[in-house]
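Below: one protein chain in two forms, given as structure tokens, structure 1 then structure 2.
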Structure 1
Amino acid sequence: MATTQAASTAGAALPAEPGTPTSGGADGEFGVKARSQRQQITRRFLRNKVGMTGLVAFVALLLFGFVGPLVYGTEYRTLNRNAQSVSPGVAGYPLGSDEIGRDLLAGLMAGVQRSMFIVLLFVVIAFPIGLLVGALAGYFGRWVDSVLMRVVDLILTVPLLVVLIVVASNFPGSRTPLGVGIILGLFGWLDLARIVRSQFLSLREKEYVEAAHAMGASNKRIIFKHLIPNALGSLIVWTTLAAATAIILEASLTYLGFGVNGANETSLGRLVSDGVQAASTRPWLFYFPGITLLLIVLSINLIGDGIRDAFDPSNRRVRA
């Protein structure tokens, strides 16, 4: 995934020890209220127009996908043989219907739900794996680093999409949102592992880590108490950018016939794939799902950009 450089850039500028007050006490010598690093980051993000635009759009899409069905009240699996290929706005179908009479608006809501579920599953699986592998390689170094990174390099030599296709085509049950999310998660942690490793290689040489060693702190405490919090910027940026990539990968897999499939299964990728053949005759079946997919990816990327800027203290575009 093309997230390594952006995430590394954000993490490289991250100052040490989150939670540390910035300067002086409240109403100190210069009358400036002290803020913790977390407060500064939150404040910078809230003042970042790009990030907030992405966040608002993302929340709106979440409401569309998860609250919309409760309000709209139409099940996307419902077939109406008397309303096949209805144009948008006709016969009670705001966004039209497909060739077997399914409501496209209800399908979009369900598609957003499934795609968000896939992304969530991807993050839940990929994040701990990548964090663990990268942390072990970066902190312990030597043969541990060599073995783990050679495994990562070996897997990276094969294009991810090819790996996903091979796995998806050989495991029954992988054509569901659950299966696709698991497959993406199991093979989507490689970039994160390399990011975490590079961060740990740098952070472990810091004075506060040496001080923790001298005071007898355990490796576990140093990793979880000192190193991971200081690499948090890179991890969050990776998560947002990788989530957007996961949605595109799901759509690519489904378009190629190895993703979400089945009569009662759907996702944004499935809707786009089904609508491609009708793009010239019933364009609403292709463009509405495509635009929704684009909006989700764009909103997540904007959030990631905002978080990256918020974690970068050298960024002067948004002041704390």
Structure 2
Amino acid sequence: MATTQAASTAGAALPAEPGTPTSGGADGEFGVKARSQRQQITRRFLRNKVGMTGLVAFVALLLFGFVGPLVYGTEYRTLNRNAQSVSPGVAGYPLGSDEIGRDLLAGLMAGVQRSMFIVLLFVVIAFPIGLLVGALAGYFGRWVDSVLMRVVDLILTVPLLVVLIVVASNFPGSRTPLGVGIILGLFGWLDLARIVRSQFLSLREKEYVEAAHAMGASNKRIIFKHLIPNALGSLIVWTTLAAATAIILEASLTYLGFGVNGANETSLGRLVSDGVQAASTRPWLFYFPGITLLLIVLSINLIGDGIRDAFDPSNRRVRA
């Protein structure tokens, strides 16, 4: 931590910049530089090895999926009758080819791209809905809670995978990454809502909420300034677990025959489920897609873990 001390000592010599909040005169004398909560969290995250490993891996995978095809140049749809079931490394197929002669490396790039897209759709749709529903139910209680939670219970009585199967089996356009992402988002917020609610139920009883009330804070302010930031740690753990689950759900749906389908479409899940059938005959089709999927999910979870630690104000291991 020598660098931190050096930096803050150096900072002490400088006059405080105008507009920078300082922690009072006494602290200023000892050269403690005030940082906003956001700065603290960012710093904690950047110093977290696990989180940064995840972030680096995630960025590498993003590059693999979105820049890789430009560099590699081979189209994943290209069929080659003369190169069916080629082993890795042979005849210009670095990761081999499948039984109809499609290049596996190009397929993986396309698959990663679509998985990232599905996860993005899922989080963008599911997170705000779950947060809002859970927050309203937990904070206001009474009939708001009853109504919202009964709706959640209603959908939750059917396992998510089955809701997805029923919906995906019947709606046209659901067999594309776009369709799968939207369906996942629309039905994936239920457990988040319940977790937010249970957090809010206990948080709203805390003294600082009472204090905020007493000082005339509005409900909106209490929810956004006091409750959500305090619940954020577990919400982010949820989001990362759920984002990971979304990728796996896509793979599972596809494996069962209700996910990404169609002659000219692919996804990581489709590659993995096709590969399972080839586990003992063409092992490269089994291992490479599976490991790629593992890497994506793993990197997302590592990022989430890093963020969780960064948000935790009681976390003293990484100094901020």
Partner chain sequence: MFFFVVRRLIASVLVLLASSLLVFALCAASFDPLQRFRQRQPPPTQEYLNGVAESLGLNDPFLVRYWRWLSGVFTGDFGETLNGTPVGPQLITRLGVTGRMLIAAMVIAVLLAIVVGVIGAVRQYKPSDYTFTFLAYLLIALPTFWFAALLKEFVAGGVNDLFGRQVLYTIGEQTPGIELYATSGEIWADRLGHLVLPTISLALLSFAAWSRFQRSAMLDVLGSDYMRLARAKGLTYRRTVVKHGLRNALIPLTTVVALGVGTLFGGAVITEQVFVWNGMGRFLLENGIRANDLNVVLGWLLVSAFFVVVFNLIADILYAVLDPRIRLS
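Values in this document were obtained by computation on a predicted structure and should not be read as measured data. We call the rigid core the largest set of C-alpha positions that still match within 1.5 Å between the two forms. Residue numbering: structure 1 sequence, from 1.
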| item | value |
| --- | --- |
| Chain form predicted on its own: structure number out of two | 1 |
| Large Cα shift (2 Å or above) at Val166 between structure 1 and structure 2, core-fitted | no |
| Gly233: Cα shift of 2 Å or greater between structure 1 and structure 2 (core-aligned) | yes |
| Large Cα shift (2 Å or above) at Lys206 between structure 1 and structure 2, core-fitted | yes |
| Distance the CA of Tyr139 travels between structure 1 and structure 2 [rigid core superposed, Å] | 4.2 |
| Following rigid core superposition, Cα shift of Ile195 between structure 1 and structure 2 in Å | 3.6 |
